[in-house]
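Take a look at the structure tokens below, where one protein chain is shown in two forms, each on its own, as structure 1 and structure 2.
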Structure 1
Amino acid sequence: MRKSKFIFYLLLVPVLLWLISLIVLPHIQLFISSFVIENDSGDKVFSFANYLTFFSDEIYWRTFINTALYAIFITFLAFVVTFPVAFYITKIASKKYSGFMTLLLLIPIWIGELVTIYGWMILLGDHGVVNNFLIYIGLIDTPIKLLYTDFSMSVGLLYMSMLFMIIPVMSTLESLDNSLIEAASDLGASKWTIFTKIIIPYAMPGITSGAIIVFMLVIGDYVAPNLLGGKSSLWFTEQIYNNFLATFNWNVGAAFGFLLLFLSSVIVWVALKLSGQKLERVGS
């Protein structure tokens, strides 16, 4: 008994040291620095000015609203695209092939976001695969602008986030008893009624869990908006990046980072209230 406790604490200590030293303490330091400004005499004083900068400058709060709206839209698209796939793998495909299909879904994680984004840049470029194919089949005569647009940014974000929607949904649908669907069909229920009254309500915890993960990942992403988005596709994380590494205003950057965390959490809370879901049921 004592030996097992000793092994447990021996394994726990490195994890706690890693969490505290690399995550907790840096975030505490950033949180404190987000309230610090320099006055006219050069002294550092405590103030809410860094946070008020977000509300006083239109470019900042408008950028956040734009980012939040795009994140909500991409989250919805991720659900629309992945739900049929999740339902097919869990309820229609045979067990012989469902495992292989699930394995294929994990490939994007193995490749990594940066490599995947560059792959989309090759596909959507003016002389990329998509434009060359459209010219070859005669649909267009000259390349169309696909890269560095809101479209390419949305495609990249959607592709990178779909997996985090489909896995929770599949996990929930796997426990759905097929006899419920069969009974509803035998009683004369239409496919739409079965889908909206049985399948969706049952899968709602998984859908909500996936939606939260996708929304938080998309709204906090930096690589895809920066590499795939156009000049008008300014993402709020780029504002944070600019304050940290372009203007070296770490205090404002820290304030914006915590505002992003707070405001995105508020959006998730409001969405849970409007949908009637409870956080403790999400993913269960």
Structure 2
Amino acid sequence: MRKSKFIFYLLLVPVLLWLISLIVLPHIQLFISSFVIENDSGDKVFSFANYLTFFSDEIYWRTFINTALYAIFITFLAFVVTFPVAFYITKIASKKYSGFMTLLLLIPIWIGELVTIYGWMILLGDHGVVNNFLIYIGLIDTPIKLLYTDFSMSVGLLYMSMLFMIIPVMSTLESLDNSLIEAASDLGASKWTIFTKIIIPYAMPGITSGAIIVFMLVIGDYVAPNLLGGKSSLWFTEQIYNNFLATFNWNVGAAFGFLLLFLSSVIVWVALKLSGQKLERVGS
């Protein structure tokens, strides 16, 4: 069928408008601004100074490394915690309950990070629910410090990101034919063998796309580290926020923003190479 050129442009122009004005140009601007500084006479000049700040000041690159290691750790944790759940819902739970269980998974996402993180603040506070419960059952006598620690920050990061792991994993597991597992079992494979040789390899595209989303969400998150983390917890996005909203060093902030985008993409790329996954396969 011959497609009309007129309709084609009617579709193309709005899409170009969206992508160019709100995705392409802003990122070019971000890139350019990151090389601009104001010299003593107030003129804007080209310079690498914003990037040099990152590498010369130990606190900045250490913060980035700390953030990246956390993001990798949380991504791994999200996989370990949610994989059994995804498996249970898709393979074990009866049809009657699986819809309801999936719905329950989605609700915290829609409620939004801010409200659920606030819930964790109430739970983990010194006079919060968890401490009260632990005192009530007699495990401790005085409240232990849970909130504003690396522990509470990890719980918050895991909570807000893990559901983005479970959904792609569930959609790959759904298409896994049960007879593959049955055949392996008939041939004498142990549970562990079935798990590592059949289920995990089959679910790999889902795990990989979940891992990419979780990693990027965690590394770019601000609310959980800011509200649940301690004073000493270093989080890279907080540096970006401070540069924009507190000290108004927009150009330094732009350089940090670009570094965050670039370095996190490099980490994702290296992880894909190491695990032998291809981005195209993950997307489908």
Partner chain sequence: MINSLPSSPAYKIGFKIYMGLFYLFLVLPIVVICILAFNDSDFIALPWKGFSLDWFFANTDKRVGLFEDADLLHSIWVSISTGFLVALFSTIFGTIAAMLFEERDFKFKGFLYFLALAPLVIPGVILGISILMSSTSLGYFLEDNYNLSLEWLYPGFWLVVFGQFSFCATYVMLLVSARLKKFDKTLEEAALSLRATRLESIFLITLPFLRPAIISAFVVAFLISFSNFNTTIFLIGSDTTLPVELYTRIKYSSTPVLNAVSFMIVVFITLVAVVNLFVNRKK
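Just so we're on the same page, residue numbers count up from 1 along structure 1's sequence. Rigid core: the largest C-alpha set superposing within 1.5 Å between the two forms. Just so you know, these numbers come straight off a predicted model, no measurement behind them.
The form predicted together with the partner chain is structure 2, not structure 1. Relative to the superposed core, residue 21 shifts its CA atom by 2 Å or more between structure 1 and structure 2. Core-superposed comparison between structure 1 and structure 2: the Cα of residue 9 travels 2 Å or more.
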